[in-house]
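Only one chain is shown below, in structure tokens, and it's the form predicted on its own.
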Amino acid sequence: MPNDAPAAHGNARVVLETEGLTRHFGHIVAVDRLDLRVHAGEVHGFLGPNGSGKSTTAGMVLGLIEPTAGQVRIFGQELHGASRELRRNIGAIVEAPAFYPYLSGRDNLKALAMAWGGVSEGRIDELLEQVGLTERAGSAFKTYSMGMKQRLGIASTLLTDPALVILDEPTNGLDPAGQREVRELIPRLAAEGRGVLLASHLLYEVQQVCDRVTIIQRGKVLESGTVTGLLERGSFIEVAVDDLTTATNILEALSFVESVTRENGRLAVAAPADSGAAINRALAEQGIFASTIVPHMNTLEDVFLDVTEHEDGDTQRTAEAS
């Protein structure tokens, strides 16, 4: 288990917290007062267009880039000036992992373990099994597929049993099979009690594996919340009936219905996605029979484009007004 990390996903501790995290490069503000929390037992998606500040944030969390302002805390302890032991609680893959091509997967892990002061043989075998490389552990790294190389990279981040794992575009450049291999591994890391910060531009992938997401643009947080909550926002149930007026009156009186609007001769009902049966029952009890009741859920791509394009529009209007 990760150092000091609880296995429970419920009242999980905050593994990573940034407060007012800021980084300037000359006149360019790469990260602007970023507040972020990653809990033990969750996969937290970190999303943003290219140049939004994701990699700069990861660099500051890893201690590779000095913040202009703000703080990074691991288990409540400031990262700046932190002990080597605290830094062992962070594992990361940023871009493609680098290994010795002629060494085996096992020997590559042994070499990295030596740099950390040594890790037991048992731990290395355990990690190879965890990422599905036991059978190929003795093969040279250069013979590995892209998916295998990335899985070995993930194993390397776990050598010190970290509480926080940072994965920056972990499926970038992989074929569909390799993407699936890595995608199936990521939730297992969180299930062991780790906090996982996943930066990815593959939104369907994030939607599948993440519990929470934070969307940034120009270094600022635009949205943050559970994946379920973000997807439900703006979703609706399409209802097709002959008598739109009567149906509207019936549905507007239901406590779980937020609003009812007419679109293209049908009703768009803002209500929970699982309320179709209740809607059908309420209409039927009043003699109104629907020919269609279909929930329409957002995708993470819908949410992402909505918030980032809205921000672009606000920026453009501000520029035009100034």
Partner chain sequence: MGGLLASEIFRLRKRLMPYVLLGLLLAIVGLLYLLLWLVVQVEAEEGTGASELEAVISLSNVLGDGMDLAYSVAGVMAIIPAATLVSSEYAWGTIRTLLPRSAGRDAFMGAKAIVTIGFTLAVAITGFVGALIASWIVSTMGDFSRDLPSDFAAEAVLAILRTTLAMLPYATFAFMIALLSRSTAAGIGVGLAMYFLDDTITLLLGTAGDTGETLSEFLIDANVSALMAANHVEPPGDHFSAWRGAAVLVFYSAAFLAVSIWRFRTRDVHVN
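Take the two forms, find the largest set of C-alpha atoms that superpose within 1.5 Å, and that set is the rigid core. Just so it is clear, the model here is predicted, and its values are computed rather than measured. Residue numbers count along the first chain shown, from 1.
FYI, the form predicted in complex with its partner chain isn't displayed, but the following is about it.
K.L.:
Just give me the single entry in Val221, Ala140, Val94, Ala191 that has a non-hydrogen atom within 4.5 angstroms of its partner chain in the model of the complex.
P.N.:
Of the listed residues, the single hit is Val94.
K.L.:
Could you work out which of Thr160, Gln217, Thr214, Ser200 is the residue within 4.5 angstroms of its partner chain in the model of the complex, going by heavy atoms?
P.N.:
That would be Thr160.
K.L.:
Does Ala282 reach its partner chain in the model of the complex, with heavy atoms at most 4.5 Å apart?
P.N.:
Judged by the heavy-atom cut-off of 4.5 Å, Ala282 is well away from its partner chain in the model of the complex.
K.L.:
Given that the partner is absent here, does Gly70 sit within 4.5 Å of its partner chain in the model of the complex, heavy atoms only?
P.N.:
Taking the distances in the model of the complex, the answer for Gly70 is no, it never comes within 4.5 Å of its partner chain.
K.L.:
Should Ser52 be counted as a contact of its partner chain in the model of the complex, where contact means heavy atoms within 4.5 Å?
P.N.:
Flag for Ser52 set to no.
K.L.:
Please run the contact check for Tyr204 against its partner chain in the model of the complex: heavy atoms, 4.5 angstroms, yes or no?
P.N.:
So Tyr204 does not count as contacting its partner chain.
K.L.:
Is its partner chain in the model of the complex close enough to Phe99, Asp107 and Leu112 that every residue in that trio has a heavy atom within 4.5 angstroms of it?
P.N.:
Heavy-atom distance to its partner chain in the model of the complex: all three under 4.5 Å.
K.L.:
If contact means any heavy atom within 4.5 Å, which of 37-45, 284-292, 264-272, 57-65 contacts its partner chain in the model of the complex?
P.N.:
So the stretch in question is 57-65.
K.L.:
Going by its partner chain in the model of the complex, which residues of 21-46 come within 4.5 Å of it through any heavy atom?
P.N.:
Residues within 4.5 Å: Arg23, Phe25.
K.L.:
Would Leu152 count as moving between the shown form and the other one, using a Cα shift of 2 angstroms or more after superposing the core as the test?
P.N.:
Yes.
K.L.:
Core-aligned, does Leu231 move its Cα 2 Å or more between the shown form and the other one?
P.N.:
Stays below the 2 Å threshold, so no.
K.L.:
Cα of Val241 displaced 2 Å or more between the shown form and the other one, core superposed?
P.N.:
No, shifts by less than 2 Å.
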